[in-house]
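One chain comes next, on its own, written as structure tokens: the form predicted on its own.
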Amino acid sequence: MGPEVTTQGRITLNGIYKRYNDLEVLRDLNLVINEGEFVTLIGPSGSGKSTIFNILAGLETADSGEIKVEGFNFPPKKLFSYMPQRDSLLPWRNILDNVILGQELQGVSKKQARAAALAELPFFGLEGFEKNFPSELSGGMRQRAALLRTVLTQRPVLLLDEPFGALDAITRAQLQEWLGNLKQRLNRTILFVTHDVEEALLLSDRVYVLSPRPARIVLEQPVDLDRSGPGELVITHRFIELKARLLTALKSEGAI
């Protein structure tokens, strides 16, 4: 599922600087996102993670630095699809008409958009709920609907800003497992924001740790976990080792 992209797609942020009046938010921020990777940003609240997303999505501009987009056969303005922290579903639209909103805004006919959405509902655990309204769904189901709406825009890079942050622990764990199973099928590059170190390790190929504001990268950590093995991943020696490394980086910067 998803648009065809070339095999060498890469997004590079070099020396990104951003301030709001006297408040420095990002300073000399450098990171790389390779095609097909699941890359996560973790850091303290207010460290500029959402600002990075806003800059990538074109909602804001950096004061200095550059963003390079290489290898993708999509123009930059059509590269990113952004899912914010809240589901932002429209209460007067049923779930089917909510998830096709992005396609409608792109000029896709409602008939075509609905057909594409109906084909995907089973994979997002929403089959049979297409006529329900957001108020009739659980928090986890609403988040899955919001992610489906994001995916259906058919853009090759998904920006997911703490999509599970407002959920209870049990629902969050269920959705982490669900997204982990779904990400191969999505065939997308994913940049993910979380405050949860375990969530970052469960889902990611690489994790960047940000310092407190003004944010810069203090650690780039590849995640070399065997997710195919039996048993609970979170109690394996390597998982505990990586978790300790991320927590140490956060603690050394005063983030925790």
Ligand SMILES: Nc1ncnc2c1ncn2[C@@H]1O[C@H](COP(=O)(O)OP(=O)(O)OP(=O)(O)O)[C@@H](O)[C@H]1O
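Note that residue numbering begins at 1 and tracks the sequence as displayed. Fair warning: this is a prediction, and the values are worked out from it, not measured in the lab.
One more form of this protein exists, namely the form predicted in complex with the ligand; it is left out here, but the text below deals with it.
Asks: Evaluate residue 16 for contact with the ligand in the predicted bound form, applying a 4.5 angstroms cut-off between non-hydrogen atoms, and reply yes or no.
Replies: No, residue 16 stays farther than 4.5 Å from the ligand in the predicted bound form.
Asks: Would you please decide whether residue 50 lies within 4.5 angstroms of the ligand in the predicted bound form, comparing each non-hydrogen atom pair?
Replies: Yes, contact at 4.5 Å.
Asks: Can you tell me whether residue 195 touches the ligand? I mean in the predicted bound form, with a 4.5 angstroms heavy atom cut-off.
Replies: Flag for residue 195 set to yes.
Asks: Any chance residue 61 has a heavy atom within 4.5 Å of the ligand in the predicted bound form?
Replies: Output for residue 61 is no: heavy atoms all beyond 4.5 Å of the ligand.
Asks: Has each of 101, 129 and 132 got a heavy atom lying within 4.5 angstroms of the ligand in the predicted bound form?
Replies: Spot residues vs the ligand: no contact at all.
Asks: Under a 4.5 angstroms heavy atom criterion, identify the one residue in 85, 94, 153, 174 near the ligand in the predicted bound form.
Replies: After the contact test, the surviving option is 85.
Asks: Consider the chain as shown here, without its partner, and state which of 44, 36, 214, 65 has a heavy atom within 4.5 Å of the ligand in the predicted bound form.
Replies: Result of the distance check: 44.
Asks: Tell me the stretch among 183-191, 217-225, 201-209, 23-31 that has any heavy atom within 4.5 angstroms of the ligand in the predicted bound form.
Replies: So the stretch in question is 23-31.
Asks: Which residues from 149-165 come close to the ligand in the predicted bound form, meaning a heavy atom within 4.5 Å?
Replies: Residue within 4.5 Å: 162, and no other.
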